[in-house]
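Coming up, as structure tokens: structure 1 and structure 2, two forms of one and the same protein chain.
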Structure 1
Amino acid sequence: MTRVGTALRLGAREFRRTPVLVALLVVAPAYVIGLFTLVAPDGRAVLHLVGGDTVRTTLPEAFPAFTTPMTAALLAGVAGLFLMHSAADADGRLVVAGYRPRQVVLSRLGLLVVVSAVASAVSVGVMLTAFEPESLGWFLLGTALTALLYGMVGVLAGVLLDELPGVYLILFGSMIDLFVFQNPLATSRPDLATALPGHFPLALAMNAGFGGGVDLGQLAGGLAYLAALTAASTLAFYRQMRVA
């Protein structure tokens, strides 16, 4: 575990030494959530929550609420993708130097958890200037779960794809899933929406945000999806390490 902790600390230090990156972790959520809040048209909104509840609210409250998990997911997804790419050479050397592949994998996944937590906390912090969820803790958990899921998608994409198609996939994947398919402003959801990574965590966040009550089944579904994605990305990363 000491080796895992050392590799994790070194990875975090590398992030800290990149001030532009740290600034982006704060500025990007402020830019996206702030702008969507600013341009949200005045007017009432009817939200169709997963589970059948319908909630009446305003568009200036609805927009920051559903752009927050999306913003955290985008940041974690892109970070997960490049975490794998930038790590490939260095991690190969760690394995040659005596690290076990599973220790390297654990340290990288730990770093992804840190990035997801920071992205979620900053995004929710920005959102609170415009919208206060009914249950902040559950909303934060839903947001963090969304970020972690897309972080894992990023890890998988980072192992399996080149950078260009990887970024393309993360942007369009998260936009289509979180902003369009899972959007509570939609009167109905395509069947495909329930199979996408954002379904359970966004349902959890929206229910927590707008008082629809927390459904532990949604939490369980999100965690199961996360476990499956983590297993797949760990396996892919582990194989890459073994090859390296």
Structure 2
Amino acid sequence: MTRVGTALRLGAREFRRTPVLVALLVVAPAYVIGLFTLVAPDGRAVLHLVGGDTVRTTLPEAFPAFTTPMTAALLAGVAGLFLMHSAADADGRLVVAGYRPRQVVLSRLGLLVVVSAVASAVSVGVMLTAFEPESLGWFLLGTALTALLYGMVGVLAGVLLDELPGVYLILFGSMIDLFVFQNPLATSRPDLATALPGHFPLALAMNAGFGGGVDLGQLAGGLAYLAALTAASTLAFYRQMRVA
């Protein structure tokens, strides 16, 4: 097994030893998505998809659909934040033991990808009890991309901020972005919405969910945003490792 693989396995073991994070991955999707589905009033809803399409559906289907990427993003963001804080001592010991900083960085980012995939799969699994998207594969991809973007925001917050302000940033940042600025129930979106991390992946997920047609430009925009955030978080993490 390579050094990166060994560090990834050790990181996963450290993650399992944090019961709060493991419980969040299971309980939070059921609580958040289930609660929004439960409180959704009966009635019609008009969704305004990115690209100009308008779709008529019901509120009990709309609520679980757009809260699923939000839940996965919240979980991945919190996981990214705590991975940086909880693993700081272990990362330092790995460097002292002979690991190169880039090997430690790769292992942490690999663990974040695994956590984001689990958060997305669990969230979509819960959503399927109330809503079935038109294209499940594309919807899952949009959700996973949203989770990865906020996972990288969590990594950046974990490097630059203490835990409490970092949690506030992830919690309120994801809610404001995904639930307010990108909400498909709104008839119009602020100009700032297109510059936020959730714009492209949520548009991809909503179009896949409600048959608006998949726009590869939205996928490309989300991947480009992810590449930029990954580069920024990797650089910040790498500099932290070098300084340590």
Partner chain sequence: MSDVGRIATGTRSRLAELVRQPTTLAMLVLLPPVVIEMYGVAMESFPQVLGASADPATVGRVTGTLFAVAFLAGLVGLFQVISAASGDERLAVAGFPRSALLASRLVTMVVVAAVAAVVAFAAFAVRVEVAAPALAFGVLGLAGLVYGLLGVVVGSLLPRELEGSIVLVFLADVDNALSSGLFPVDASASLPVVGELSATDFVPLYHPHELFTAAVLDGELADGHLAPALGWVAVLLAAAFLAYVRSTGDGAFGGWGA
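Keep in mind the model is a prediction, meaning the values are calculated, not measured. Structure 1 provides the reference sequence; residues are numbered from 1 along it. Only the largest set of C-alpha atoms that superpose within 1.5 Å between the two forms is called the rigid core.
Exercise. Working through the pair one at a time, identify the form predicted alone and give its number.
Key: Structure 2, which is the form predicted alone, differs in this respect from structure 1.
Self-check item: Core-superposed comparison between the two structures, Ala231 Cα displacement 2 Å or beyond
Solution: Comparing forms between the two structures, the Ala231 CA shifts below 2 Å.
Quiz prompt | Core-aligned CA displacement of Ala220 at least 2 Å between the two structures | solution = Shift of 2 Å or more: no.
Quiz item: Superposing on the core, what C-alpha displacement does Thr18 show between the two structures, in angstrom?
Solution: Displacement of the C-alpha, rigid core superposed: 4.1 Å.
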